[in-house]
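Here you get one chain, nothing else, as structure tokens; it is the form predicted on its own.
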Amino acid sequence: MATPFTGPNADRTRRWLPLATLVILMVVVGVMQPTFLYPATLLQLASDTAVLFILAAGVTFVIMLGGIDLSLQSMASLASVVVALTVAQLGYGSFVLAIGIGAVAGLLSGLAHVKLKVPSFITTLAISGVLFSTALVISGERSITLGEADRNYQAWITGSFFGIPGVIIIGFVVFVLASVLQSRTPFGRYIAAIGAGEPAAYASGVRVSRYKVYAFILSSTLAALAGVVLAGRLASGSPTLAAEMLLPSIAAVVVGGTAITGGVGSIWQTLVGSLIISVVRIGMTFLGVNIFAQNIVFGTVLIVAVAITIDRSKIPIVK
């Protein structure tokens, strides 16, 4: 018997369920805590969601391939350390350096995956260990606080423009660029085609390996950007600065409706998923749920979301 997730209307249900969930959650939290719906609170919600969304936007492309990137939190943390260590000497160049390191890490992950035929979760898990250890070594296993002079370079992150926090503007720019890349370019179409059916894409002349590498570069680069933004917001760099962001970022992608098996998804859905995760986190905070226990909820949400969005016809295919 057909269900809303297996019948002829399954695609429509999956597409609009996340948005409906977001609206319901906002109403519920608003009833529990009316101040949640105040403009100032919603602006803070958007600011808090921006970093999560930047992380999730990058990994969306890898998940649409049917792969995974487990190096996100380590890359973001390393980027924050690089900024904290070099901003005094390099100024704005420290941001370029950190993001460049992210691109190189993504390139290595992608090449190891496509050239050595290593599953993406193993490749990125190994790269994650390398990045984390590098952050520990160069930071001296400590958190590095930015000096007052160094924080002047962070104004594009911590400042406001026409009353809108800079971090929201950064997130919006990422959203626009990633959306155009995903929906208006051959890269986005090929990523979806590879995820939907890699053998068919290869037979159609798509350079599968090349686009896979591009996706991993994009994912790691945006993770580094998220680390740069985190360093600015928290005025510090640390090997564990983004330690709790891997599960929420992947959950945001899948909760938004991107299938973990690939081929289905979009950046706007990832934005909705990121907002859902943020609203759930705020709701749990209002209920007094311990911040370390919140990952229990995120883990449960991730399992349910995968169960809803997964294409079971692709389960035998290992990516």
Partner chain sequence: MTIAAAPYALSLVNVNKRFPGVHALKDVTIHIRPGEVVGLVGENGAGKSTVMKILSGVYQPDSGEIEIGGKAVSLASAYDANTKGIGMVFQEQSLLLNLTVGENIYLGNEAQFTRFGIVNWRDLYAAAKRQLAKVHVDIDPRSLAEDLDFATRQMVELAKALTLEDQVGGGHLVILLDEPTSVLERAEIDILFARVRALKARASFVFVSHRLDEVLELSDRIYVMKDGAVVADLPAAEANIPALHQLMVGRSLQAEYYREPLQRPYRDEVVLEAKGLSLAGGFTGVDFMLHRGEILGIAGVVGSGREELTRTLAGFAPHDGGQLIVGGREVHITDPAVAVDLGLAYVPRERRLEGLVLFLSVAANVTLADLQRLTSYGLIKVAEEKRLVKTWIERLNIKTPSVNTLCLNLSGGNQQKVVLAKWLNTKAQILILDHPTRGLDVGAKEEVYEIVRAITAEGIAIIVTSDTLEETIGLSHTVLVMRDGEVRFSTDAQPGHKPRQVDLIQHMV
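Positions refer to the first chain, counted from 1. Owing to the predicted nature of the structure, the values given are computational and were not obtained by experimental measurement.
Another form exists, predicted in complex with its partner chain; not displayed. Remarks below refer to it.
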Legend entry - Any non-hydrogen atom of residue 170 within 4.5 angstroms of its partner chain in the model of the complex: no
Inset, instruction - May I ask you to state whether residue 186 is within 4.5 Å of its partner chain in the model of the complex, using heavy atom distances? - result: yes
Legend entry - Contact label in the model of the complex: residue 160 to its partner chain, heavy atom within 4.5 Å: no
Legend entry - Contact flag, residue 147 vs its partner chain in the model of the complex, heavy atom cut 4.5 Å: no
Inset, instruction - State the residue from 180, 96, 155, 164 whose non-hydrogen atoms include one within 4.5 Å of its partner chain in the model of the complex. - result: 180
Inset, instruction - Quick one: from 192, 103, 90, 235, grab the residue that has a heavy atom within 4.5 Å of its partner chain in the model of the complex. - result: 192
Legend entry - Which of 220 to 228, 199 to 207, 147 to 155, 80 to 88 sits within 4.5 Å of its partner chain in the model of the complex, heavy atom basis: 199 to 207
Legend entry - Contact set, 92 to 112 vs its partner chain in the model of the complex - heavy atom within 4.5 angstroms: none
